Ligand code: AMP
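First comes one chain, alone, set out as structure tokens in the form predicted alone.
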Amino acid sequence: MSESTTTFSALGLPESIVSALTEVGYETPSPIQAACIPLLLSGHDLLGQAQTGTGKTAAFALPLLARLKSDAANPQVLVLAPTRELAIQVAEAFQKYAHHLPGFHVLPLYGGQSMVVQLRQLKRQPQVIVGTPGRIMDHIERGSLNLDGIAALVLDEADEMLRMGFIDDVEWILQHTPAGRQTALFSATMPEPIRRVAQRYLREPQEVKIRAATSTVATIRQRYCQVQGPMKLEVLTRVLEGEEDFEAAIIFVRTKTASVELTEKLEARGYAASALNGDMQQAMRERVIEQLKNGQLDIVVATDVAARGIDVPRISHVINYDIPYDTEAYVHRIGRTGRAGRQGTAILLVAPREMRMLKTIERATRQPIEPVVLPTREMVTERRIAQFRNQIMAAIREGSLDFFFDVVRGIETSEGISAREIAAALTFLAQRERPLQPEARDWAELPTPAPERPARANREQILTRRREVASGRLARYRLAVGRQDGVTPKDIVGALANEGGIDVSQIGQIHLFDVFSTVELPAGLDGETLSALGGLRVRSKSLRMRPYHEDGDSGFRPPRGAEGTTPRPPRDSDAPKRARRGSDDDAPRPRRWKTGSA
């Protein structure tokens, strides 16, 4: 993997933006940033092919921030994203990079959020809008979003928008923006429909294609631990306590300040740790690495640039205390372990809002990342006792204990106590700084994260969902979109999960009809939630969700024999066959889909 040696200043970004980048820990641009920033700064349209996790958000956000006009009343930049999570992530990145831009305001707009709140925020005249296609269309149609001042438009993850059925919505939005705007389209792949959109709406675009790093060392075991920010240090220390094969570690953080602060906290907890960052002189850096090699240090807390070139065989663990901004950085980080055929371990500490990046890393590296099981208080006690025992046995093997024998005998004689009591007292003194048994009051219960990957639905899961419908935990809802609208189950799942915030595990069976569809969701959704979900769009049409009542909707018949369904009434065996058929059989039969394969 090649490493960029360009600086952000050399790319032509203003000092206010470069200062913000320094504060958040960006030291050198990634390949896609180095390629795209100059092109967008100069006003070119751009067609970028890059995987999620290569740093492309900064590649378009930084130059577009640099081109903002301070006196404009309407939004100047519009970013379209396929999911609410990505829209929030991109909006947060803009806010972070614009830290030193006075009066800057970015607004994420997505389905599932209160329209009233969004209307109020739009009155603050945000310079940048980041949104999902359906909600952007809603605001355009109601006149609450004026796109006349849009100078730049970004289509982020265009292939995902195509897969989720948003591409028609995207084109509709493009037609409502000024013809002279600057346009950037980013996509991991370039299927023909995306190419057609680029040819139709981009003007002589410059093409940038970045290949993401996908190779990781096969000897590295990759794991993660989901953790809330305030508990991060506590989780880190428990992870270190629970690793039986721990020898030495590099812990990665984003900023120089964080490297110093975390080092001080680890030292206070008894770890032999040192910081390694770009502010250190070369002589001090070499000294830290030498101490790591010879065992004087067990932990180095480092930034990405400071850790480049480190090759220390005893590094058994790489811990990402701060998740990297892109997959390139992740691959480079974990490459510090698993050297020369040795086994290595890479651990990520991930906040709930960073789970999307975790899954991106997993896809890019093509290796599974397993959840960490944190050790219990009892496990830590056993491990500390074992370490203490090993230290005692090592001291005995070294010999030269005659002087200390005399000291113990003297105490036995003068105080009239046994050697056993003296040994227990010495054990107490030796472990005072780091107790063999952690105090119960210091051992708060922490939730052990579970994998958040919805598995493909199997027969048992389908039967379970049917039982839940029968027991009232799931209910059917009617959607005002159907086969004649070109809708697929994937479109519906994508809208509900990615824009509506519904967990995939809570979405049951989907049935498609010509003019409407039905979906199983948790029973008893309140009016506000129904309204929010009903405002989501699929194939340019609102879902207009409402509870489904069989008697009021022709065209639907539950699967025969399914648990929880009402049996058909007995048939009259003397009636003609056609006469016995009810209206249910005259209507088109629904196609039944399992959400696990959607």
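Numbering starts at 1 and runs along the sequence shown. Note that the structure is predicted; figures quoted are calculated from it, not measured.
The protein also exists as the form predicted together with ligand AMP; that form is not presented, and the subsequent description refers to it.
Looking at 66-74, 535-543, 40-48, 22-30, the stretch with residues near ligand AMP in the predicted complex, meaning non-hydrogen atoms within 4.5 angstroms, turns out to be 22-30.
Of the listed positions (K96, R287, K359, R269), a single one reaches within 4.5 angstroms of ligand AMP by any non-hydrogen atom in the predicted complex, namely K96. When ligand AMP is considered in the predicted complex, only one residue from Y321, Y477, Y325, F516 comes within 4.5 Å through any heavy atom, namely Y325.
In the predicted complex, R254 approaches ligand AMP with a heavy atom inside 4.5 Å. For the candidate spot formed by T132, W172 and T177, no residue has a non-hydrogen atom within 4.5 angstroms of ligand AMP in the predicted complex.
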